[in-house]
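The data below hold one chain only, encoded as structure tokens and taken in the form predicted on its own.
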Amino acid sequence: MSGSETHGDRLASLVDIDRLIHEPARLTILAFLTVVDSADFVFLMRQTGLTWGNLSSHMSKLEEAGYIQVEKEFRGRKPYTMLHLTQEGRVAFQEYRHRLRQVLDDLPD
């Protein structure tokens, strides 16, 4: 760290972190999708522990941002929803991880 740069200056980069991803439920959803590329709604609901309504709400925000693609269909008479991580979502998640890791690594022990 240079003489004129303070820890506060380094922490200021947290302000630029993607707040859409930083929310714990959306971070969890994207983390799962990063590993599996796509997952159905019920699987994600079980894995994340989110309620149907919470998952649906966070899913909509991620879809609006272009981070996930949602495909809905009926299988028999039952609705089936599949979520896919988009390339934009993958890049945003990687940038988020990089920025957060950088901020945390710059903190003194």
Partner chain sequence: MSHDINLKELERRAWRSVFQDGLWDIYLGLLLLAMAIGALLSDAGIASETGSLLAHVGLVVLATLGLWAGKRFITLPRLGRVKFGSKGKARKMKAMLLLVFSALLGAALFVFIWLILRQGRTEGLPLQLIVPAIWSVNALVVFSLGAYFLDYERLYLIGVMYAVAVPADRLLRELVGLDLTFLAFGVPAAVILITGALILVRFLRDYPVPEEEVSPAEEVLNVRQ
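Just so we're clear, the structure is a prediction, and the values are computed from it rather than from any experiment. Residue numbers count along the first chain shown, from 1.
One more form of this protein, predicted in complex with its partner chain, exists but is not displayed; see below.
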query	finding
Non-hydrogen atom contact Arg19 with its partner chain in the predicted bound form at 4.5 angstroms	no
Met45: touches its partner chain in the predicted bound form, heavy atom cutoff 4.5 angstroms	yes
Residue contact check: Arg97 to its partner chain in the predicted bound form, 4.5 Å heavy atom	yes
Contact of Ala65 with its partner chain in the predicted bound form (heavy atom, 4.5 Å)	no
Partner contacts for 65 to 92, taking its partner chain in the predicted bound form and a 4.5 Å heavy atom cut-off	Val70, Lys72, Glu73, Arg75, Tyr80, Thr81, Met82, Leu83
Note on Asn54-Arg77 C-alpha separation in the predicted bound form, which departs from the shown form by 3 angstroms or more	farther
